[in-house]
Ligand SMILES: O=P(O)(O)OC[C@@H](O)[C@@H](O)[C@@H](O)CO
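Next up: just one chain, as structure tokens, the form predicted on its own.
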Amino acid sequence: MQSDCEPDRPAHPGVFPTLEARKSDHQPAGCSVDFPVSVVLPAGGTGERTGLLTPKQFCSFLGRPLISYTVQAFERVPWIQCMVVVVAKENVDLMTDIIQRFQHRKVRVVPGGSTRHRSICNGVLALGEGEEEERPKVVIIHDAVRPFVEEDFLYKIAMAAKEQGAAGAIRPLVSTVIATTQEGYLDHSLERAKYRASEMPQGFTYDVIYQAYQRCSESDFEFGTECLHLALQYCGTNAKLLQGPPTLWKVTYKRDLAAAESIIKGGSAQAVTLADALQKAVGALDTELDVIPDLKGENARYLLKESNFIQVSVNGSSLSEVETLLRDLEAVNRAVLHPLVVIWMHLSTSDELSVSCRAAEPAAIMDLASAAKLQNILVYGIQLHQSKDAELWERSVLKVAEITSALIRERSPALVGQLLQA
């Protein structure tokens, strides 16, 4: 089904201020694409890992489904020719309604198949309908639940795919990968430095991805998930792998929905990247955490029922928020038997605060910590400056995660909160 809406870009409700505001800053030099590029968005998943009845791509944030934000991100890229959204047959009408309601353009809805590869194949075939000259030169495949993709990285993928035949995003592995025996014992582990996580987006020349699906086996269709592997195995096309930015993360679990909502409300993608790294670091200590946007309203129940959470806040540097949290913790008297640890993490830009303000903050945190210690609550403050250098930022995040897990391991069995100020 083709959208018949006006060509104006959607403006209601809730655009991505974080993406729009950064767009001019991240525009790659000489970003012009003189060949047709189209997009396939597989969105046929059931969202089992979120534990919700509604598939995550259709979960609503500020009145707009998650998939609408992903479509909107591609609509902002002027050289994208069109998009094919592949959904389960029972959701075709729902997706069509979303396209019309939010005035999306250049979007077509296609019924998916029983597996991921079958759905993507349906999308690729849909792009090949019509005259040969209308087919895209490059097809970008991207998950519908990765809404924070940006134009500069799409440009790199498209150009590399045109030159190489295939290209894909990769990210460093956070955890070591191990193999186990049938009895549940350690067999061997892989050297983490030698391996990378395959991410989306991925790009292919149309001929490569079309031929890969024409030649692949029924087993590939049924059990496979990696498009780059099909291009290599059936077309001999070795993909160019590009280091992707931290914003390529995927909404997978229920906690990711709250993190995504925080960004949509105007939060920092880097803050959520940091929160994700902290979750993984603390997870190694057999401690589970939830990511929540704030501790107000319904979320206030975490103070009464949960010991572990990450609060993602976007209000800038504010000690008053920490003071309020400490008062609430004292009121519910959670620290009688075991000390509680509050780690206040302030994520700042280099020009956010004056030198005098930055010098005053540690003293104020120390005063707060001294008062809280009398209530058996241990307060620590960490200030992290954002960096535009991706490698430097990655190292900083891993270092902070290491420090945080050490504090938890050495000081207390329970992590009460990490406040991420952005």
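The first residue of the sequence shown is number 1, and the count goes up from there. Because the structure is a prediction, the values reported are computed rather than measured.
Although not depicted, the form predicted together with the ligand is the subject of the following passage.
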{"property": "Residue 101: touches the ligand in the predicted complex, heavy atom cutoff 4.5 angstroms", "result": "no"}
{"property": "Residue contact check: residue 116 to the ligand in the predicted complex, 4.5 Å heavy atom", "result": "yes"}
{"property": "4.5 angstroms heavy atom contact with the ligand in the predicted complex for residue 151", "result": "no"}
{"property": "Contact of residue 225 with the ligand in the predicted complex (heavy atom, 4.5 Å)", "result": "yes"}
{"property": "Proximity to the ligand in the predicted complex (heavy atom, within 4.5 Å), stretch among 156 to 164, 225 to 233, 123 to 131, 89 to 97", "result": "225 to 233"}
{"property": "The single option of 239, 200, 140, 322 touching the ligand in the predicted complex, heavy atom within 4.5 Å", "result": "200"}
{"property": "Contacting member of 135, 250, 76, 108, with respect to the ligand in the predicted complex [4.5 Å, heavy atom]", "result": "250"}
